[in-house]
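Presented as structure tokens, the chain that follows is alone, the form predicted alone.
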Amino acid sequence: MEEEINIDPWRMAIKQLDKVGKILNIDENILKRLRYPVRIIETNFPVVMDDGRVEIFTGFRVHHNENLPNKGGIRYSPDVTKEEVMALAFWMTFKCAIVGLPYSGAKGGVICNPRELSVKELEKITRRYTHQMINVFNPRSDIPAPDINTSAREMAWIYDTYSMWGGHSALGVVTGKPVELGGSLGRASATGRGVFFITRQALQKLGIPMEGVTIAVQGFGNVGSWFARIIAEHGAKVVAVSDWKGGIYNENGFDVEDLYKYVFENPENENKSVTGYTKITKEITNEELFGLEVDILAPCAIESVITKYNAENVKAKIIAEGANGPTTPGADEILMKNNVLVLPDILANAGGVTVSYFEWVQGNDALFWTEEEVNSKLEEIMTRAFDSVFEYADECCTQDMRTAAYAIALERLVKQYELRGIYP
């Protein structure tokens, strides 16, 4: 089998496309168009640091196709690569198709380590990156949002910079903004809540009661923390959590709200890590977390963490992919053989872009919804999407939810290409 350590996420995405394209016998001319992003913008820009020296940062923005307005987050990480951003834009195209949003996929990234930067330096990086993309971002054609290591704060800076350049406030140019600046209620929890809705539907289909199911969450950032909090509220038992520094385990389950406060509201926890939390049975590594005897494993951090080298160790009945691309093709084959139900990323974590769409609609209309309305609409869309994917997988006599999700999305994308044709 192909080497999977540090697998290029773009190659992984194309393998997933080609697999489903072959199954559906998709026109090769359309597959060619999906294998290439429409445009890749790469920029190098200077920033004056707090100590007066000038650093050059590299940023990317990728549009996967342009059948519809482009939508996708911006991440800050020292590990950002062009290939990663290309893959994330690709997955966003399929994610939007699977939940029926009028978007094509985009993604952005800046190579930097936010943990080593001051707030002022982060603001300068964000505003200068926005300046470099001032003719790219647009409420009608490219709408960014938060991703790894970005939040409502960075979106406020993007919104302000773009609006100052345009001479008017453009509520629709970015989503994930603070509510006070036209953001949507329910946006912060949306991705984690969406993972919860999909997981709940899977448990119901399998006849497993929510009460008492055991869960391990890899990644306790925005997605993982909200997923853990919401599913714990509904009776599940979160027994293991890990992040970039390490992991913790408690066989009796955590008080997730207390853990959340320790990580995000404790001024002494400068690293914002679960490590150091005292109410545990033992400390564990990320690799140990993947092999725990739990009902549900939720990878909610980065790509390619479940590979052919550790997939045999997975004992969970369900994998809920809160992250983008956490499972490699080699791992998928092993998990399928071992009857592990994988809830794929393009379905499971689509809650974030769905509520971003709600925010975009509200901002453009200048008419805002209650949080109850937002969550109710999100539940309706996620439930409908799950049911369609599960039924497709069942009709094909397979439990391969990833193939089913890609198949449904690909059929919709093919229709878009057929309707638009090729200009000129």
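Just so you know, these numbers come straight off a predicted model, no measurement behind them. All residue numbers refer to positions in the sequence shown, first residue = 1.
Keep in mind that the form predicted together with ligand NAD is missing from the display, and what follows is about it.
Student: Given that the partner is absent here, does residue 95 sit within 4.5 Å of ligand NAD in the predicted complex, heavy atoms only?
Tutor: Judged by the heavy-atom cut-off of 4.5 Å, residue 95 is in contact with ligand NAD in the predicted complex.
Student: Is there a heavy atom of residue 323 no more than 4.5 Å from a heavy atom of ligand NAD in the predicted complex?
Tutor: So residue 323 counts as contacting ligand NAD.
Student: So in the predicted complex, is ligand NAD close enough to residue 148 to count as touching (4.5 Å, heavy atoms)?
Tutor: So residue 148 counts as contacting ligand NAD.
Student: Would residue 286 count as touching ligand NAD in the predicted complex under a 4.5 Å heavy atom rule?
Tutor: Flag for residue 286 set to yes.
Student: Would you mind picking the one in 117, 302, 213, 292 that has a heavy atom within 4.5 Å of ligand NAD in the predicted complex?
Tutor: Of the listed residues, the single hit is 302.
Student: Which residue, 223, 347, 297, 85, is the contact with ligand NAD in the predicted complex, using a 4.5 Å heavy atom cutoff?
Tutor: If I apply the 4.5 Å criterion carefully, the residue I get is 223.
Student: Mind telling me which stretch in 118 to 126, 161 to 169, 237 to 245, 335 to 343 gets its heavy atoms within 4.5 Å of ligand NAD in the predicted complex?
Tutor: Only one stretch qualifies here: 237 to 245.
Student: Residue by residue through 358 to 378, tell me which have a non-hydrogen atom within 4.5 angstroms of ligand NAD in the predicted complex.
Tutor: Going through 358 to 378 in order - heavy atoms within 4.5 Å of ligand NAD in the predicted complex - there are no hits.
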